[in-house]
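The data below hold one chain only, encoded as structure tokens and taken in the form predicted on its own.
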């Protein structure tokens, strides 16, 4: 009890010195408090309140109003995830529709695949931009950054322009291969087909590569070029220099790019909505709300999605901190 009173007294004293600062440290504390107010307001009304409401909707007994309490949406969701598991799924929850398990699996593998390729390409572009005097470098940077400002729907439209049945590239390939554009088009194909997924894959890369590239460019600014020069003077090839000297230094940036691009891949909606090539989690949100009018299930799916993204981000940041500490 005495400890609580002492702590309360300390808080009051700090609040008083923050409101009426007497020292430079107190004035700095007040500036920090004032600057934190916009972030606190944004976190409260942009994150905490919507999240609480989302969780409340996910436990509602009604699809059209927030009332009652039930965990049926979560039970259905996790039963569907278990049902999708090979071999044991049907034995554990017989007769359960594995649709949500399939959606989550599609989101994870497709997001991981596009993340790996995006970061790999981003490393190559960032390396070229930072290590070489490229001609028209300003124009190259502008072109690479261009997709960041475009919504996913525009990215999908550009995929149709390039890879649709009347697309520029699909028609060029058709002419060279001596076949019809329909046979090589990557958009407009049945959902879930290899061609349709490949078209969506390029649409994701279009949005994700610039994000990985510009995050990695910042990391390259911290690379010790003297160590690279020393490795080259000792006879290391360019690849060996990159593998043993440059890559360990940019590894925190690579981890950051993986976190950013994977989260982007999970959250992309406009491109999926237009191309309809694969049922991923954001597309399922739209179906639950627009078609099924099932707000509790959409909210339960969104809650699990948010929890997974949050845990993935924390795990990645802890890994990055460990990498920096070891360096």
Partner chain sequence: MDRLSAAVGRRALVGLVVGCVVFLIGPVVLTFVASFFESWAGVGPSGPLTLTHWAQALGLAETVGASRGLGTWVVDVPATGLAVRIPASLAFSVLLALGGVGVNLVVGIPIAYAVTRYEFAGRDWLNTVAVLPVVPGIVLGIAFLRTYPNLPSAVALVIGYSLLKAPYMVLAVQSSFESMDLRRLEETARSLGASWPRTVATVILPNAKRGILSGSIVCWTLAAAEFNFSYVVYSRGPKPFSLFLFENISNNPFQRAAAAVSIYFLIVAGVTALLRATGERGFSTGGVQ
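Positions refer to the first chain, counted from 1. What we label the rigid core is the largest C-alpha set whose atoms superpose within 1.5 Å from one form to the other. Source: prediction; values computed, not measured.
One more form of this protein should be noted, the form predicted in complex with the partner chain, which is absent from this view; the next part is about it.
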Original post:
So which stretch, 96-104, 247-255, 70-78, 160-168, is the one near the partner chain in the model of the complex (non-hydrogen atoms, 4.5 Å)?
Top reply: 160-168
Original post:
Only one of 231, 82, 141, 223 has a non-hydrogen atom within 4.5 angstroms of the partner chain in the model of the complex; which is it?
Top reply: 141
Subject >> Partner contact for residue 237 in the model of the complex: the partner chain, 4.5 angstroms, heavy atom >> reply: yes
Original post:
Does residue 179 make contact with the partner chain in the model of the complex, using a 4.5 Å heavy atom cut-off?
Top reply: no
Original post:
Hey, in the model of the complex, is residue 26 touching the partner chain, heavy atoms inside 4.5 Å?
Top reply: no
Original post:
Do residue 61 and the partner chain share at least one heavy atom pair within 4.5 Å in the model of the complex?
Top reply: no
Original post:
Can you name the residues of 41-62 that have a heavy atom within 4.5 Å of the partner chain in the model of the complex?
Top reply: 42, 43, 45, 46, 47, 49, 50, 51, 53, 54, 57
**OP:** For residue 287, decide whether the Cα shift between the shown form and the other one is 2 Å or greater, given a superposition on the rigid core.
**Re:** no
**OP:** Superpose the two forms on their rigid core, then report whether the C-alpha of residue 56 is displaced by 2 angstroms or more between the shown form and the other one.
**Re:** no
Original post:
Does residue 42 show a Cα shift reaching 2 Å between the shown form and the other one after rigid-core superposition?
Top reply: yes
